[in-house]
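Next up is one chain by itself, shown in structure tokens, the form predicted alone.
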């Protein structure tokens, strides 16, 4: 199964999904990343005033916008560094609900995002009868946790890729993963 097609999904396609995207791409996996939120949200100068962008706005433009707003602040909190990494991976944040791609495995980074992905599948009719494993690992939305989460996701995907029969092996794989990493995993099968 080393031709697995993977999607990693968080809310804004900025931190957690992009860190995992970078890790998996470096290991040679076929991977894309997405967000499920209404808008791309990044922390602002105050908690009640986040920076919001539409999906599809280039990472370059977001980087330059924050640079203009307050270079020192957004350098210090790591957002400029994160955006710099993102723009080396792909042009812009993408919204999961509008992609026509079909994946073998979709990994979400928080339960709310997992629910949104399941809800999206539930709102569509299965056309291809192609199964997709939807898996959630909760990862806090900060730089350190995103890096740790990317290690976990990379490890899990590597094990999946080594499986001869993922549909048959997935429950055992995820059970082993949970006990090794001490993280609860949600999973289900949906159909394209």
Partner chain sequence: MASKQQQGSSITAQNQLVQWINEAGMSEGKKKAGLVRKIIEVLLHQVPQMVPVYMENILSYMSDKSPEVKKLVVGFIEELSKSHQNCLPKIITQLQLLVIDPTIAVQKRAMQAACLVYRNILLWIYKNTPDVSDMQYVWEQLAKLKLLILNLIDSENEGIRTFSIKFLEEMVILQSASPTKDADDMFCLDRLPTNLPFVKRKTMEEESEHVFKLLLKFHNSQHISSNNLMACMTTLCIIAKMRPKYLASVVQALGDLHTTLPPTLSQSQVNSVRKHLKMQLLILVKHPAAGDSMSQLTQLLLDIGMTPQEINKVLPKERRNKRLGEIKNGDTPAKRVRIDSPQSAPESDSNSNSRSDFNLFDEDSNQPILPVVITKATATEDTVFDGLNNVENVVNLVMSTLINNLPTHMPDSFMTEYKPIPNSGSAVQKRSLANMVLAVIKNEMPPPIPNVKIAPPMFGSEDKIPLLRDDEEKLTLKNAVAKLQESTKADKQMENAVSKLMEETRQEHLKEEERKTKDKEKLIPPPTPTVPKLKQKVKLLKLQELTRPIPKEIKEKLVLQAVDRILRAEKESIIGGATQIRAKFITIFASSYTPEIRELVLNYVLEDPLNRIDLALSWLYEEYAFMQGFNRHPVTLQPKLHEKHDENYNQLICALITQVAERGDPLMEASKDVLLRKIYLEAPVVTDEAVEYLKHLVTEDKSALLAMEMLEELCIMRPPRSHKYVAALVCHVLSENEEIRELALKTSIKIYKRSTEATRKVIEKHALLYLGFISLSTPPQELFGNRPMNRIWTDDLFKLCLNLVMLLFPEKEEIIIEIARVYGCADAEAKRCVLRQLEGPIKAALNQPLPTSEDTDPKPGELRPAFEALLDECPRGAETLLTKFVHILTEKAPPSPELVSKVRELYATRISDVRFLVPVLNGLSKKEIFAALPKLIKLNPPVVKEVFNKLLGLQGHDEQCPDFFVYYIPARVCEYNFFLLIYDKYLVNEICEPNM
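Fair warning: this is a prediction, and the values are worked out from it, not measured in the lab. Residue numbers count along the first chain shown, from 1.
Note that the form predicted in complex with its partner chain isn't included here; everything after this is about it.
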Query raised in the report: Are all three residues 114, 178 and 190 in contact with its partner chain in the model of the complex, where contact means a non-hydrogen atom within 4.5 Å?
Result: yes
Report task. Identify, from the list 126, 162, 64, 147, the residue with a heavy atom within 4.5 Å of its partner chain in the model of the complex. Result -> 126
Query - Segment that reaches its partner chain in the model of the complex - one of 80-88, 93-101, 67-75, 117-125, heavy atoms within 4.5 Å - result: 117-125
Query raised in the report: Any chance residue 140 has a heavy atom within 4.5 Å of its partner chain in the model of the complex?
Result: no
Query raised in the report: Is there any non-hydrogen atom of residue 130 lying within 4.5 Å of its partner chain in the model of the complex?
Result: yes
Query raised in the report: Does residue 170 reach its partner chain in the model of the complex if we count a contact as any heavy atom within 4.5 Å?
Result: yes
Query raised in the report: With a 4.5 Å heavy atom cut-off, would you call residue 4 a contact of its partner chain in the model of the complex?
Result: no
